[in-house]
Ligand code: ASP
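Heads up, the chain below is alone and in the form predicted on its own; it's given as structure tokens.
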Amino acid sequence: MNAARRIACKFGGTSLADAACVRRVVEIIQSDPARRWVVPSAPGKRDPKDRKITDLLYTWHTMALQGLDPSEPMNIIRDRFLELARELGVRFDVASILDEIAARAGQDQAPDYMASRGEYINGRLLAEVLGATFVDPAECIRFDKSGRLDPVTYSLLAERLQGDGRFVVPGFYGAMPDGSIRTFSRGGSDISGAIVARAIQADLYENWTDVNGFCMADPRIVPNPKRIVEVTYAELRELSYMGATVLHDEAIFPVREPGIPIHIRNTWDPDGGGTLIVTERKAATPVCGIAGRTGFTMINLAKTLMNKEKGFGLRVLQVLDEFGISWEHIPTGIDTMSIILRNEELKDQGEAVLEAIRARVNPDESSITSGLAMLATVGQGMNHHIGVAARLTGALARAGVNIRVIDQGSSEMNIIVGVEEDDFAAAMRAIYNEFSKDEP
């Protein structure tokens, strides 16, 4: 690889869980001179019974705020970082930073400062091991008063990340206009990495984790699904919406406009290929992946001449707004309308919502269907291939799965089907088996 290239690389918590992991990460970084901009997460779990440093920091904050003794999480965090420093042979005074955190614990209502310290300390450690320049995100990554990323971030970072050598920018946090620490949502180091990639005008954003990229389907449901070699930003948004979670879904936005590719790679299998996220993929196959989730409810309405009744849909949606509920899909017919909602949005308000809708629009028929699962079959090639919907519905029919609802977005990039939750796994396997044979 040409050293003139510019690569921003983010390493997740499992990639930095202990000293042996850090040494492996250092080897990866040093194996390519283009990997000069590094974004680390806080240390993750060393084994399934372990706890993430960030989870422990949240616990420490909560206990201190409530006046409880936070010795247990505090001591675990202290021991983890002191052990890391000792085994890596760094001179950075970790103990003094931990003392500062302890002195501040419980002083802030918001947990952001405490939650960010895992990335901060890990960044300091990694910078010393690499002989890199440490850049505190609190000085460069800015949020506006409403908590949104301030575009001035990119120019501030670009200025700080110039020059020779390597730079380490901890993930997950930045600062508000008053200087107080503000974190992204959980998993937000992915976003930090994308922000750094855009700021330095990177040729590539590598996101190193513990899997070989995205799979065509959930491996917990489909045995040994094929790896997605290449996927577009738009396709990934559709898959992420339905539960594909290898990458934080907001990490796409900073790099999508400048067209910086994201390469999902496995720290434990650097030669494993991974998944490349691009603007346009080369593969001509119609479907790149299938994702889905359970936990949906559908409100069904029917009324003769509904299409002639001005404001019918508006009045229905006003009811949802008054209950503070967001909707997911609205399949319609000439005299029918269905509203699909997530159960966590609807909660236990189903009958009350339906009663309010009845009072507002006086439907001829109305009912609630619960226990639904939704599956998205995603691919930018769908609108250029005849028979994709036929293949999908045929596969479900052969598997004995009844389709309760079907919807295709205007982008013609995905087909969403609703099935009974009991049929969810069978439906995903049937769709995967039909379209995976198109992949090499």
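Start at 1 and count along the sequence shown; that's the residue number. Only a predicted model underlies this, so the values are computations on that prediction, with no experimental measurement involved.
The following text describes the form predicted in complex with aspartic acid (ASP), which does not appear among the structures shown.
* May I ask you to state whether S41 is within 4.5 Å of aspartic acid (ASP) in the predicted complex, using heavy atom distances? => Yes, S41 sits close enough to aspartic acid (ASP) in the predicted complex that at least one of its heavy atoms falls within 4.5 Å.
* Hey, in the predicted complex, does T54 get a heavy atom within 4.5 angstroms of aspartic acid (ASP)? -> Contact check for T54: yes, within 4.5 Å of aspartic acid (ASP) in the predicted complex.
* Asked: Given that the partner is absent here, does F172 sit within 4.5 Å of aspartic acid (ASP) in the predicted complex, heavy atoms only?
  -> Flag for F172 set to yes.
* Distance check, T275 to aspartic acid (ASP) in the predicted complex, heavy atom within 4.5 Å -> T275 lies outside the contact set for aspartic acid (ASP).
* **Partner-contacting position among K226, R315, R186, H329 - heavy atom within 4.5 Å of aspartic acid (ASP) in the predicted complex** => Selected residue: R186.
* If we take heavy atoms and a 4.5 Å cut-off, which stretch out of 22-30, 46-54, 387-395, 63-71 is in contact with aspartic acid (ASP) in the predicted complex? -> Partner-contacting stretch among the options: 46-54.
* To do: Scan 310-342 and write down, in order along the chain, each residue with a heavy atom lying within 4.5 Å of aspartic acid (ASP) in the predicted complex.
  => Residues within 4.5 Å: none in this stretch.
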